[in-house]
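Both blocks below hold the same protein chain, though in two forms, and each is given as C-alpha coordinates: structure 1 and structure 2.
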Structure 1
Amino acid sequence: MTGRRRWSLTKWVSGTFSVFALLALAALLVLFIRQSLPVWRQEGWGFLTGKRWFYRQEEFGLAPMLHGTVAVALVALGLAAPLGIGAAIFTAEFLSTRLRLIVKVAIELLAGIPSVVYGLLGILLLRDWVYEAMERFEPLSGDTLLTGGILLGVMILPTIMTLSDDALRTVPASQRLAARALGLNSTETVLHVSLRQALPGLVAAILLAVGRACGEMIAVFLVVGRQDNQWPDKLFSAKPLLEAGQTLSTKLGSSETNIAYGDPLHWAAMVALGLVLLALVTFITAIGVRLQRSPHET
(Lines of atoms letter the chains of each structure in order from A and count residues from 1; the text may use other names and numbers.)
(Lines give C-alpha, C1' and ligand atoms only; values in the text may rest on other atoms or scores of the structure.)
Protein backbone atom coordinates (compact mmCIF):
# COMPACT_ATOMS: atom_id res chain seq x y z
CA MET A 1 0.00 0.00 0.00
CA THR A 2 2.84 2.37 0.88
CA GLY A 3 4.57 1.57 -2.41
CA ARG A 4 1.38 2.39 -4.31
CA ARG A 5 1.05 5.70 -2.48
CA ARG A 6 4.65 6.58 -3.19
CA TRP A 7 4.20 5.65 -6.84
CA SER A 8 1.00 7.70 -7.05
CA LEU A 9 2.75 10.69 -5.46
CA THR A 10 5.67 10.37 -7.86
CA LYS A 11 3.30 10.10 -10.77
CA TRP A 12 1.31 13.09 -9.63
CA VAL A 13 4.37 15.30 -9.10
CA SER A 14 6.00 14.36 -12.42
CA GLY A 15 2.68 14.82 -14.22
CA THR A 16 2.21 18.24 -12.65
CA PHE A 17 5.63 19.44 -13.74
CA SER A 18 5.08 18.03 -17.24
CA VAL A 19 1.82 19.94 -17.56
CA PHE A 20 3.53 23.07 -16.23
CA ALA A 21 6.28 22.73 -18.85
CA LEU A 22 3.71 22.34 -21.63
CA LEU A 23 1.75 25.35 -20.41
CA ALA A 24 4.95 27.41 -20.22
CA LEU A 25 5.81 26.45 -23.81
CA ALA A 26 2.28 27.28 -24.97
CA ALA A 27 2.40 30.65 -23.19
CA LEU A 28 5.77 31.38 -24.79
CA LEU A 29 4.40 30.58 -28.24
CA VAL A 30 1.34 32.78 -27.70
CA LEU A 31 3.53 35.65 -26.48
CA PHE A 32 5.90 35.35 -29.44
CA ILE A 33 3.09 35.11 -31.98
CA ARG A 34 1.21 38.05 -30.47
CA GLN A 35 4.23 40.36 -30.27
CA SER A 36 5.45 39.45 -33.75
CA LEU A 37 2.12 40.15 -35.49
CA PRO A 38 3.05 43.67 -36.70
CA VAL A 39 5.95 42.44 -38.81
CA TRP A 40 3.94 39.53 -40.22
CA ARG A 41 1.20 41.96 -41.22
CA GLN A 42 3.69 44.23 -42.98
CA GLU A 43 6.03 41.67 -44.57
CA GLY A 44 3.89 38.54 -44.83
CA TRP A 45 5.82 35.54 -46.14
CA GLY A 46 8.37 38.02 -47.45
CA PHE A 47 9.73 38.10 -43.92
CA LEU A 48 11.02 34.54 -44.46
CA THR A 49 12.18 35.03 -48.05
CA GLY A 50 13.38 38.64 -48.00
CA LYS A 51 17.11 39.23 -48.51
CA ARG A 52 17.34 42.73 -47.01
CA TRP A 53 17.38 43.71 -43.32
CA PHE A 54 17.54 47.45 -42.79
CA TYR A 55 15.59 48.35 -39.70
CA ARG A 56 15.96 52.11 -40.22
CA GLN A 57 14.11 51.71 -43.55
CA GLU A 58 11.70 49.23 -41.94
CA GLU A 59 12.82 46.40 -44.24
CA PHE A 60 12.94 43.00 -42.58
CA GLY A 61 13.98 39.82 -44.37
CA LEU A 62 15.66 36.92 -42.62
CA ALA A 63 16.70 34.78 -45.61
CA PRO A 64 20.44 35.62 -45.19
CA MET A 65 20.22 34.63 -41.53
CA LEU A 66 18.51 31.36 -42.42
CA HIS A 67 21.29 30.73 -44.93
CA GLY A 68 23.92 31.45 -42.28
CA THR A 69 22.21 29.16 -39.78
CA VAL A 70 21.99 26.29 -42.28
CA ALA A 71 25.55 26.82 -43.54
CA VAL A 72 27.07 26.82 -40.04
CA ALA A 73 25.01 23.77 -39.03
CA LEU A 74 26.03 21.81 -42.15
CA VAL A 75 29.73 22.57 -41.63
CA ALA A 76 29.44 21.49 -38.00
CA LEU A 77 27.59 18.34 -38.99
CA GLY A 78 30.07 17.47 -41.73
CA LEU A 79 32.85 17.64 -39.17
CA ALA A 80 31.18 16.13 -36.11
CA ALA A 81 28.99 13.37 -37.60
CA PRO A 82 31.78 11.17 -39.05
CA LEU A 83 34.00 11.68 -36.00
CA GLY A 84 31.18 11.17 -33.50
CA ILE A 85 29.71 8.07 -35.15
CA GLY A 86 33.21 6.65 -35.76
CA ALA A 87 34.10 7.14 -32.09
CA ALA A 88 30.80 5.57 -31.06
CA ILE A 89 31.45 2.50 -33.25
CA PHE A 90 34.92 2.15 -31.75
CA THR A 91 33.71 2.40 -28.14
CA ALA A 92 30.56 0.30 -28.55
CA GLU A 93 31.91 -2.47 -30.78
CA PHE A 94 35.62 -2.88 -30.08
CA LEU A 95 36.40 -1.68 -26.55
CA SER A 96 35.84 -3.48 -23.30
CA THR A 97 33.17 -2.12 -20.96
CA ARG A 98 35.72 -0.44 -18.68
CA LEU A 99 37.66 1.25 -21.48
CA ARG A 100 34.40 2.25 -23.16
CA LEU A 101 33.26 4.11 -20.05
CA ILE A 102 36.63 5.89 -19.74
CA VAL A 103 36.59 7.06 -23.37
CA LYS A 104 32.92 8.03 -23.22
CA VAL A 105 33.36 10.08 -20.04
CA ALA A 106 36.41 11.81 -21.53
CA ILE A 107 34.45 12.84 -24.63
CA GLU A 108 31.40 13.87 -22.60
CA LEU A 109 33.59 16.24 -20.59
CA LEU A 110 33.72 18.41 -23.71
CA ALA A 111 29.98 19.03 -23.30
CA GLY A 112 30.56 20.54 -19.87
CA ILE A 113 32.82 23.31 -21.13
CA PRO A 114 30.90 26.64 -21.21
CA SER A 115 30.07 28.04 -24.63
CA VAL A 116 31.93 31.27 -23.95
CA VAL A 117 35.16 29.30 -23.38
CA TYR A 118 34.75 27.69 -26.79
CA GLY A 119 34.19 31.16 -28.22
CA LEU A 120 37.34 32.53 -26.61
CA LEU A 121 39.34 29.57 -27.93
CA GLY A 122 37.86 30.28 -31.34
CA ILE A 123 39.07 33.89 -31.16
CA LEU A 124 42.53 32.98 -29.88
CA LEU A 125 43.25 29.94 -32.06
CA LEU A 126 40.67 28.90 -34.63
CA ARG A 127 40.08 32.26 -36.27
CA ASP A 128 43.75 32.76 -37.15
CA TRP A 129 44.11 29.13 -38.24
CA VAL A 130 41.18 29.40 -40.66
CA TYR A 131 42.51 32.66 -42.08
CA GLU A 132 45.98 31.21 -42.65
CA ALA A 133 44.67 27.92 -44.06
CA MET A 134 42.36 29.70 -46.51
CA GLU A 135 44.64 32.64 -47.31
CA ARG A 136 44.92 31.72 -51.00
CA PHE A 137 41.15 32.27 -51.34
CA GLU A 138 41.65 35.82 -49.96
CA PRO A 139 39.16 35.95 -47.08
CA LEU A 140 38.81 39.36 -45.49
CA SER A 141 39.38 37.90 -42.02
CA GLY A 142 39.09 34.71 -39.99
CA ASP A 143 35.58 35.67 -38.83
CA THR A 144 33.62 33.51 -41.26
CA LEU A 145 30.75 31.06 -41.43
CA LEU A 146 33.36 28.32 -41.82
CA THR A 147 35.00 29.31 -38.53
CA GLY A 148 31.65 29.24 -36.75
CA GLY A 149 30.83 25.85 -38.26
CA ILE A 150 34.14 24.27 -37.24
CA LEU A 151 33.82 25.59 -33.70
CA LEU A 152 30.24 24.38 -33.50
CA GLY A 153 31.31 20.95 -34.80
CA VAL A 154 33.60 20.55 -31.79
CA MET A 155 30.76 21.56 -29.48
CA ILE A 156 28.21 19.06 -30.84
CA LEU A 157 30.69 16.19 -31.10
CA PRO A 158 29.93 14.85 -27.58
CA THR A 159 26.19 14.86 -28.32
CA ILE A 160 26.57 12.81 -31.48
CA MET A 161 29.10 10.42 -29.95
CA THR A 162 27.11 9.77 -26.76
CA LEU A 163 23.74 9.26 -28.42
CA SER A 164 25.26 7.15 -31.21
CA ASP A 165 27.01 4.98 -28.63
CA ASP A 166 23.71 4.49 -26.79
CA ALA A 167 21.99 3.56 -30.06
CA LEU A 168 24.65 0.97 -30.92
CA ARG A 169 24.48 -0.52 -27.43
CA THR A 170 20.77 -1.20 -27.88
CA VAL A 171 21.54 -3.75 -30.63
CA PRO A 172 21.26 -7.17 -28.94
CA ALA A 173 24.53 -9.05 -28.52
CA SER A 174 22.80 -12.18 -29.80
CA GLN A 175 22.50 -10.61 -33.26
CA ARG A 176 26.23 -9.93 -33.34
CA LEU A 177 26.97 -13.49 -32.26
CA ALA A 178 24.61 -14.86 -34.90
CA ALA A 179 26.34 -12.80 -37.58
CA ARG A 180 29.76 -14.07 -36.50
CA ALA A 181 28.44 -17.64 -36.50
CA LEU A 182 27.34 -17.16 -40.11
CA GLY A 183 30.91 -16.26 -41.08
CA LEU A 184 30.88 -12.44 -40.97
CA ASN A 185 34.00 -10.82 -39.61
CA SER A 186 33.89 -7.98 -37.07
CA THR A 187 33.82 -5.23 -39.72
CA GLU A 188 31.04 -6.91 -41.69
CA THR A 189 29.08 -7.41 -38.48
CA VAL A 190 29.30 -3.71 -37.68
CA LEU A 191 28.31 -2.66 -41.22
CA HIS A 192 25.51 -5.15 -41.86
CA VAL A 193 24.10 -5.72 -38.36
CA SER A 194 24.97 -3.06 -35.81
CA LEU A 195 24.73 0.02 -38.03
CA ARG A 196 21.61 -1.21 -39.77
CA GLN A 197 19.81 -1.94 -36.50
CA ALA A 198 20.97 1.30 -34.87
CA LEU A 199 20.27 3.53 -37.90
CA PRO A 200 17.18 5.30 -36.45
CA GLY A 201 19.15 6.09 -33.29
CA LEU A 202 22.11 7.38 -35.29
CA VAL A 203 19.86 9.65 -37.34
CA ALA A 204 18.25 10.83 -34.10
CA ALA A 205 21.69 11.65 -32.67
CA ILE A 206 22.50 13.75 -35.72
CA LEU A 207 19.17 15.59 -35.63
CA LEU A 208 19.41 16.34 -31.92
CA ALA A 209 22.91 17.69 -32.48
CA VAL A 210 21.64 19.84 -35.37
CA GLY A 211 18.92 21.19 -33.09
CA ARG A 212 21.58 22.30 -30.64
CA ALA A 213 23.72 23.70 -33.44
CA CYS A 214 20.88 25.89 -34.74
CA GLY A 215 20.29 27.40 -31.32
CA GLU A 216 23.89 27.97 -30.22
CA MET A 217 24.70 31.66 -29.83
CA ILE A 218 27.66 32.75 -27.69
CA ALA A 219 30.49 30.77 -29.30
CA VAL A 220 29.28 31.35 -32.86
CA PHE A 221 28.60 35.02 -32.10
CA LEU A 222 32.29 35.58 -31.32
CA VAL A 223 33.72 34.13 -34.54
CA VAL A 224 31.09 34.38 -37.29
CA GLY A 225 31.58 38.05 -38.16
CA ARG A 226 27.91 39.08 -37.67
CA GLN A 227 27.55 40.69 -41.11
CA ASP A 228 23.95 41.33 -42.23
CA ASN A 229 22.51 40.87 -45.73
CA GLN A 230 25.06 38.26 -46.82
CA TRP A 231 22.92 36.43 -49.35
CA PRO A 232 25.18 34.40 -51.72
CA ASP A 233 25.13 34.92 -55.47
CA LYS A 234 25.18 31.14 -55.87
CA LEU A 235 23.19 29.38 -53.17
CA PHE A 236 25.16 26.11 -53.24
CA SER A 237 28.57 27.70 -53.62
CA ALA A 238 31.26 27.16 -50.98
CA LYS A 239 32.62 30.70 -51.36
CA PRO A 240 30.17 32.31 -48.88
CA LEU A 241 31.61 30.06 -46.16
CA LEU A 242 34.75 32.23 -46.25
CA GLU A 243 32.78 35.41 -45.64
CA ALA A 244 31.36 36.91 -42.49
CA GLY A 245 27.72 36.12 -41.89
CA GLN A 246 24.89 36.07 -39.44
CA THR A 247 22.72 33.34 -37.97
CA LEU A 248 19.31 33.58 -36.33
CA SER A 249 20.78 33.11 -32.86
CA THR A 250 23.68 35.58 -33.29
CA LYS A 251 21.26 38.21 -34.55
CA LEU A 252 19.12 37.75 -31.45
CA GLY A 253 22.21 37.95 -29.27
CA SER A 254 23.40 41.23 -30.77
CA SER A 255 22.87 44.74 -29.40
CA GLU A 256 20.11 45.25 -31.98
CA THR A 257 17.69 43.47 -29.63
CA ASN A 258 18.10 46.35 -27.16
CA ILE A 259 17.84 48.93 -29.94
CA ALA A 260 14.62 47.35 -31.20
CA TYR A 261 12.79 47.56 -27.89
CA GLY A 262 11.65 51.14 -28.40
CA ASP A 263 10.25 50.55 -31.91
CA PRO A 264 7.12 48.34 -32.11
CA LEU A 265 7.78 47.14 -35.68
CA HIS A 266 11.48 46.53 -35.13
CA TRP A 267 10.73 44.72 -31.87
CA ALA A 268 8.13 42.59 -33.64
CA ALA A 269 10.77 41.61 -36.21
CA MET A 270 13.21 40.53 -33.49
CA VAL A 271 10.51 38.54 -31.70
CA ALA A 272 9.59 36.91 -35.02
CA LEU A 273 13.22 35.85 -35.37
CA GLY A 274 12.94 34.13 -32.01
CA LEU A 275 9.68 32.50 -33.08
CA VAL A 276 11.23 31.12 -36.27
CA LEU A 277 14.28 29.86 -34.37
CA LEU A 278 12.07 28.22 -31.73
CA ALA A 279 9.94 26.53 -34.38
CA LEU A 280 13.02 25.31 -36.29
CA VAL A 281 14.77 23.86 -33.24
CA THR A 282 11.56 22.33 -31.88
CA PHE A 283 10.77 20.67 -35.21
CA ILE A 284 14.24 19.16 -35.63
CA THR A 285 14.43 18.05 -31.99
CA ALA A 286 10.96 16.48 -32.07
CA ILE A 287 11.89 14.37 -35.10
CA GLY A 288 15.13 13.33 -33.40
CA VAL A 289 13.37 12.33 -30.19
CA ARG A 290 10.77 10.39 -32.15
CA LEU A 291 13.42 8.45 -34.05
CA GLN A 292 15.36 7.84 -30.85
CA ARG A 293 12.32 6.26 -29.18
CA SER A 294 10.95 4.34 -32.16
CA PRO A 295 13.25 1.28 -31.82
CA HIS A 296 12.13 0.79 -28.22
CA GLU A 297 8.49 1.09 -29.12
CA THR A 298 8.54 -1.54 -31.87
Structure 2
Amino acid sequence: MTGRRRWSLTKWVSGTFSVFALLALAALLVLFIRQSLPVWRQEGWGFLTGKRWFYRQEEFGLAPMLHGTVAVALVALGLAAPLGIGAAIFTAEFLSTRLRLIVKVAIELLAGIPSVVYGLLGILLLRDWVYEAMERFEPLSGDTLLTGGILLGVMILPTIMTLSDDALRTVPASQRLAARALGLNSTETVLHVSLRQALPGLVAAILLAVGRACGEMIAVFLVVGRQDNQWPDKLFSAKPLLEAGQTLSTKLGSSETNIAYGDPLHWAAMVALGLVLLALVTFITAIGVRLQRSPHET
Protein backbone atom coordinates (compact mmCIF):
# COMPACT_ATOMS: atom_id res chain seq x y z
CA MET A 1 0.00 0.00 0.00
CA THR A 2 1.31 3.37 -0.88
CA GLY A 3 -0.90 5.75 1.07
CA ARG A 4 0.78 8.46 3.11
CA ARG A 5 1.91 7.04 6.41
CA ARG A 6 1.00 8.83 9.60
CA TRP A 7 -0.83 8.13 12.81
CA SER A 8 -4.53 7.86 12.20
CA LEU A 9 -7.42 6.75 14.38
CA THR A 10 -7.57 3.44 12.50
CA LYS A 11 -3.93 2.75 13.10
CA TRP A 12 -4.23 3.77 16.72
CA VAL A 13 -7.23 1.55 17.41
CA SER A 14 -5.80 -1.47 15.66
CA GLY A 15 -2.44 -0.91 17.33
CA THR A 16 -4.09 -0.84 20.75
CA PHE A 17 -6.01 -4.04 20.19
CA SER A 18 -2.94 -5.77 18.79
CA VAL A 19 -0.81 -4.76 21.75
CA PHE A 20 -3.61 -5.92 24.04
CA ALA A 21 -3.66 -9.34 22.37
CA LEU A 22 0.10 -9.74 22.49
CA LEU A 23 0.16 -8.60 26.12
CA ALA A 24 -2.46 -11.21 27.00
CA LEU A 25 -0.34 -13.87 25.38
CA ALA A 26 2.72 -12.63 27.26
CA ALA A 27 0.68 -12.50 30.48
CA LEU A 28 -0.26 -16.13 30.04
CA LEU A 29 3.38 -17.09 29.82
CA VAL A 30 4.53 -14.82 32.65
CA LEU A 31 1.74 -15.90 35.00
CA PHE A 32 2.40 -19.56 34.36
CA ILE A 33 6.10 -19.11 35.06
CA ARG A 34 5.59 -16.93 38.14
CA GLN A 35 2.92 -19.05 39.75
CA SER A 36 4.90 -22.23 39.22
CA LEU A 37 8.07 -20.89 40.86
CA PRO A 38 7.50 -22.47 44.31
CA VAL A 39 7.50 -25.98 42.93
CA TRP A 40 10.58 -25.40 40.79
CA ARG A 41 12.32 -24.10 43.90
CA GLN A 42 11.40 -27.20 45.84
CA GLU A 43 11.84 -29.88 43.21
CA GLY A 44 14.21 -28.32 40.68
CA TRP A 45 14.69 -30.48 37.59
CA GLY A 46 13.43 -33.34 39.69
CA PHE A 47 9.98 -32.05 38.89
CA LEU A 48 10.46 -33.30 35.34
CA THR A 49 12.26 -36.52 36.16
CA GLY A 50 10.57 -37.48 39.43
CA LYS A 51 8.50 -40.62 39.25
CA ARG A 52 6.30 -39.99 42.25
CA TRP A 53 3.32 -37.66 42.53
CA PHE A 54 1.69 -37.63 45.96
CA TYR A 55 0.28 -34.22 46.63
CA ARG A 56 -0.61 -34.88 50.28
CA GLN A 57 3.06 -35.64 50.94
CA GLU A 58 4.10 -32.71 48.74
CA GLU A 59 5.94 -34.94 46.32
CA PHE A 60 5.68 -33.74 42.75
CA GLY A 61 7.29 -35.58 39.87
CA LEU A 62 5.70 -35.72 36.48
CA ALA A 63 7.75 -38.30 34.59
CA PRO A 64 4.89 -40.84 34.55
CA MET A 65 2.58 -38.24 33.10
CA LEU A 66 5.13 -37.36 30.41
CA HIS A 67 5.29 -41.04 29.61
CA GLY A 68 1.50 -41.19 29.48
CA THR A 69 1.29 -38.19 27.19
CA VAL A 70 3.93 -39.53 24.81
CA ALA A 71 2.45 -43.05 24.81
CA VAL A 72 -1.05 -41.86 24.08
CA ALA A 73 0.17 -39.52 21.35
CA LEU A 74 2.27 -42.27 19.72
CA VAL A 75 -0.64 -44.71 19.64
CA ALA A 76 -2.83 -42.01 18.12
CA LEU A 77 -0.17 -41.26 15.56
CA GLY A 78 0.45 -44.89 14.72
CA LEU A 79 -3.20 -45.24 13.84
CA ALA A 80 -3.99 -41.92 12.28
CA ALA A 81 -0.82 -41.14 10.31
CA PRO A 82 -0.80 -44.12 7.88
CA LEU A 83 -4.56 -44.07 7.48
CA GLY A 84 -4.79 -40.31 7.15
CA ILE A 85 -1.89 -39.91 4.73
CA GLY A 86 -3.03 -42.92 2.68
CA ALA A 87 -6.48 -41.44 2.45
CA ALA A 88 -5.06 -38.03 1.55
CA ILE A 89 -2.99 -39.54 -1.28
CA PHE A 90 -6.15 -41.08 -2.65
CA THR A 91 -8.20 -37.88 -2.45
CA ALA A 92 -5.44 -35.62 -3.72
CA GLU A 93 -4.07 -37.78 -6.51
CA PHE A 94 -6.71 -40.20 -7.71
CA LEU A 95 -10.04 -38.48 -7.18
CA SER A 96 -11.70 -36.01 -9.50
CA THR A 97 -11.77 -32.43 -8.26
CA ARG A 98 -15.48 -32.57 -7.53
CA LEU A 99 -15.34 -35.82 -5.55
CA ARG A 100 -12.25 -34.65 -3.73
CA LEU A 101 -14.05 -31.51 -2.66
CA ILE A 102 -17.00 -33.49 -1.33
CA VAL A 103 -14.77 -35.83 0.67
CA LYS A 104 -12.73 -32.92 1.97
CA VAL A 105 -15.78 -31.00 3.11
CA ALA A 106 -17.11 -34.07 4.91
CA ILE A 107 -13.79 -34.71 6.60
CA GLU A 108 -13.42 -31.12 7.71
CA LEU A 109 -16.90 -31.26 9.19
CA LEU A 110 -15.88 -34.33 11.13
CA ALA A 111 -12.79 -32.52 12.40
CA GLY A 112 -15.24 -30.35 14.30
CA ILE A 113 -16.85 -33.13 16.37
CA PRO A 114 -16.42 -31.83 19.91
CA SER A 115 -14.05 -33.73 22.14
CA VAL A 116 -16.67 -34.20 24.85
CA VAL A 117 -18.75 -36.13 22.33
CA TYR A 118 -15.76 -38.35 21.60
CA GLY A 119 -15.42 -38.79 25.33
CA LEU A 120 -19.01 -39.95 25.58
CA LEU A 121 -18.47 -42.47 22.79
CA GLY A 122 -15.26 -43.54 24.44
CA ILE A 123 -16.70 -44.19 27.89
CA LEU A 124 -19.81 -45.96 26.63
CA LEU A 125 -18.49 -47.87 23.61
CA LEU A 126 -14.72 -47.87 23.05
CA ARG A 127 -13.74 -48.86 26.60
CA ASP A 128 -15.73 -52.06 26.44
CA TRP A 129 -14.54 -52.77 22.94
CA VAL A 130 -10.87 -52.46 23.87
CA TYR A 131 -11.44 -54.52 27.00
CA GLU A 132 -12.92 -57.38 25.01
CA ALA A 133 -10.60 -57.16 22.02
CA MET A 134 -7.51 -57.26 24.23
CA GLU A 135 -8.85 -59.96 26.52
CA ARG A 136 -6.06 -62.44 25.92
CA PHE A 137 -3.49 -59.90 27.08
CA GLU A 138 -5.46 -59.60 30.31
CA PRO A 139 -5.80 -55.88 30.73
CA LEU A 140 -7.08 -54.95 34.17
CA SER A 141 -9.87 -52.90 32.73
CA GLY A 142 -10.91 -51.03 29.60
CA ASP A 143 -9.33 -47.85 30.95
CA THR A 144 -5.92 -47.95 29.36
CA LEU A 145 -3.43 -45.72 27.63
CA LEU A 146 -4.29 -47.70 24.50
CA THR A 147 -7.97 -46.73 24.78
CA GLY A 148 -7.02 -43.08 25.14
CA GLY A 149 -4.64 -43.40 22.19
CA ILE A 150 -7.21 -45.00 19.90
CA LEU A 151 -9.77 -42.36 20.77
CA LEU A 152 -7.22 -39.63 20.08
CA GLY A 153 -6.22 -41.33 16.85
CA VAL A 154 -9.78 -41.11 15.58
CA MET A 155 -9.94 -37.50 16.76
CA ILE A 156 -6.83 -36.36 14.89
CA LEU A 157 -7.53 -38.43 11.77
CA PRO A 158 -9.48 -35.66 10.00
CA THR A 159 -6.75 -33.12 10.83
CA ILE A 160 -3.99 -35.31 9.40
CA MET A 161 -6.06 -36.14 6.36
CA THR A 162 -7.02 -32.64 5.40
CA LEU A 163 -3.59 -31.09 6.10
CA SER A 164 -1.86 -33.88 4.14
CA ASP A 165 -4.28 -33.36 1.30
CA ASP A 166 -3.42 -29.66 1.31
CA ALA A 167 0.29 -30.46 1.32
CA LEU A 168 -0.03 -32.81 -1.66
CA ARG A 169 -2.11 -30.29 -3.57
CA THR A 170 0.58 -27.62 -3.22
CA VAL A 171 2.88 -29.71 -5.42
CA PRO A 172 2.66 -27.81 -8.72
CA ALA A 173 0.64 -29.54 -11.43
CA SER A 174 3.46 -28.83 -13.89
CA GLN A 175 5.74 -31.22 -11.99
CA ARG A 176 3.16 -33.98 -12.18
CA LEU A 177 2.68 -33.38 -15.88
CA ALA A 178 6.41 -33.51 -16.46
CA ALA A 179 6.65 -36.84 -14.64
CA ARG A 180 3.78 -38.26 -16.65
CA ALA A 181 5.41 -37.04 -19.84
CA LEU A 182 8.52 -39.01 -18.89
CA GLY A 183 6.37 -42.14 -18.91
CA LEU A 184 5.65 -42.61 -15.22
CA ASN A 185 2.17 -43.77 -14.32
CA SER A 186 0.16 -41.97 -11.69
CA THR A 187 1.33 -44.19 -8.83
CA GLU A 188 4.97 -43.64 -9.77
CA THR A 189 4.31 -39.94 -10.04
CA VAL A 190 2.92 -39.92 -6.54
CA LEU A 191 5.78 -41.96 -5.12
CA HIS A 192 8.64 -40.21 -6.87
CA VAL A 193 7.37 -36.68 -7.27
CA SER A 194 4.40 -35.70 -5.13
CA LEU A 195 5.34 -37.46 -1.90
CA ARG A 196 8.92 -36.28 -2.10
CA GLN A 197 7.91 -32.72 -2.77
CA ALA A 198 5.19 -32.72 -0.16
CA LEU A 199 7.25 -34.42 2.53
CA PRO A 200 7.78 -31.35 4.72
CA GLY A 201 4.08 -30.60 4.50
CA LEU A 202 3.19 -34.15 5.48
CA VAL A 203 5.54 -34.06 8.45
CA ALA A 204 3.99 -30.73 9.39
CA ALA A 205 0.52 -32.27 9.24
CA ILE A 206 1.65 -35.00 11.60
CA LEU A 207 3.32 -32.59 14.01
CA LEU A 208 0.35 -30.24 14.15
CA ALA A 209 -1.92 -33.20 14.85
CA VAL A 210 0.41 -34.44 17.58
CA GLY A 211 0.37 -30.99 19.14
CA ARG A 212 -3.39 -31.22 19.28
CA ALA A 213 -3.26 -34.74 20.66
CA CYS A 214 -0.91 -33.83 23.52
CA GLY A 215 -3.18 -31.06 24.72
CA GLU A 216 -6.47 -32.91 24.40
CA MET A 217 -8.15 -33.35 27.75
CA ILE A 218 -11.85 -34.19 28.01
CA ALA A 219 -12.03 -37.25 25.77
CA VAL A 220 -8.89 -38.89 27.12
CA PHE A 221 -9.93 -38.01 30.67
CA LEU A 222 -12.93 -40.30 30.53
CA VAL A 223 -11.14 -43.40 29.23
CA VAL A 224 -7.50 -43.33 30.29
CA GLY A 225 -8.02 -44.44 33.89
CA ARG A 226 -6.28 -41.42 35.45
CA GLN A 227 -3.90 -43.56 37.46
CA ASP A 228 -0.88 -41.75 38.85
CA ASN A 229 2.67 -42.99 39.25
CA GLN A 230 2.56 -45.41 36.37
CA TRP A 231 6.21 -45.28 35.39
CA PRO A 232 6.85 -48.43 33.33
CA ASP A 233 9.53 -50.95 34.28
CA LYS A 234 10.70 -51.13 30.71
CA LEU A 235 10.52 -47.82 28.93
CA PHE A 236 10.19 -49.10 25.38
CA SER A 237 7.67 -51.85 25.74
CA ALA A 238 4.05 -52.03 24.69
CA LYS A 239 2.82 -53.57 27.91
CA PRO A 240 2.14 -50.33 29.79
CA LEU A 241 -0.26 -49.43 27.00
CA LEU A 242 -2.72 -51.93 28.44
CA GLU A 243 -2.58 -50.32 31.84
CA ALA A 244 -4.29 -47.25 33.12
CA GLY A 245 -2.29 -44.05 33.09
CA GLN A 246 -2.40 -40.31 33.32
CA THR A 247 -1.41 -37.60 30.85
CA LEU A 248 -0.38 -34.03 31.58
CA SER A 249 -3.69 -32.66 30.41
CA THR A 250 -5.93 -35.18 32.16
CA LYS A 251 -4.18 -34.30 35.41
CA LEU A 252 -4.93 -30.65 34.80
CA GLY A 253 -8.59 -31.45 34.24
CA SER A 254 -8.91 -33.56 37.37
CA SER A 255 -10.33 -32.64 40.74
CA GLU A 256 -6.82 -31.82 41.89
CA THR A 257 -7.01 -28.46 40.14
CA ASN A 258 -9.85 -27.53 42.50
CA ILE A 259 -8.12 -28.98 45.52
CA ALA A 260 -4.82 -27.29 44.74
CA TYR A 261 -6.42 -23.87 44.43
CA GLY A 262 -5.42 -21.95 47.55
CA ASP A 263 -2.46 -24.17 48.48
CA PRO A 264 0.61 -22.36 47.11
CA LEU A 265 2.89 -25.35 46.54
CA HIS A 266 0.27 -27.72 45.16
CA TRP A 267 -1.12 -24.99 42.93
CA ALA A 268 2.40 -24.21 41.73
CA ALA A 269 2.82 -27.86 40.83
CA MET A 270 -0.39 -27.85 38.81
CA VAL A 271 0.56 -24.63 37.03
CA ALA A 272 4.04 -25.99 36.36
CA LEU A 273 2.38 -29.03 34.83
CA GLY A 274 0.54 -26.64 32.54
CA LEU A 275 3.78 -24.84 31.72
CA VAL A 276 5.49 -28.07 30.72
CA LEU A 277 2.51 -28.97 28.56
CA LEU A 278 2.61 -25.52 26.98
CA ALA A 279 6.33 -25.82 26.24
CA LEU A 280 5.90 -29.29 24.75
CA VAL A 281 2.99 -28.37 22.52
CA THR A 282 4.53 -25.05 21.46
CA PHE A 283 7.76 -26.78 20.49
CA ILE A 284 5.97 -29.37 18.36
CA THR A 285 3.63 -26.83 16.79
CA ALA A 286 6.43 -24.39 15.98
CA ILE A 287 8.42 -27.02 14.10
CA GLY A 288 5.26 -28.07 12.30
CA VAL A 289 4.46 -24.53 11.23
CA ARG A 290 8.03 -23.93 10.05
CA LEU A 291 7.93 -27.04 7.87
CA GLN A 292 4.48 -26.23 6.57
CA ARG A 293 5.45 -22.80 5.41
CA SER A 294 8.54 -23.80 3.47
CA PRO A 295 7.29 -26.68 1.38
CA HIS A 296 9.36 -26.17 -1.77
CA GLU A 297 12.60 -24.82 -0.47
CA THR A 298 14.36 -28.14 -0.11
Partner chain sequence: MKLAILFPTLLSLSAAAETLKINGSTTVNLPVAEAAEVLRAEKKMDIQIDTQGGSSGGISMLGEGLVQVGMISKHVSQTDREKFPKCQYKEIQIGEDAVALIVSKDVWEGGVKTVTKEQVADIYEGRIKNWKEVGGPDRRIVFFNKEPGRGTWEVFVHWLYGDPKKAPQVSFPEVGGNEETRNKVASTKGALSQLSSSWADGKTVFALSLKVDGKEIAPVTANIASRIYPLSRPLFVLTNGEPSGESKVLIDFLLSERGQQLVKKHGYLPLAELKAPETRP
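Numbers follow structure 1, counted from its first residue as 1. The model shown is predicted, which means the values in this text are computed figures rather than measured ones. C-alpha atoms forming the largest set that superposes within 1.5 Å between two forms make up the rigid core.
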{"item": "Of structures 1 and 2, the form predicted on its own", "value": "1"}
{"item": "Rigid core fit then residue 22 CA moved by 2 Å or more between structure 1 and structure 2", "value": "yes"}
{"item": "Residue 13 C-alpha moves between structure 1 and structure 2 by 2 Å or more, core aligned", "value": "yes"}
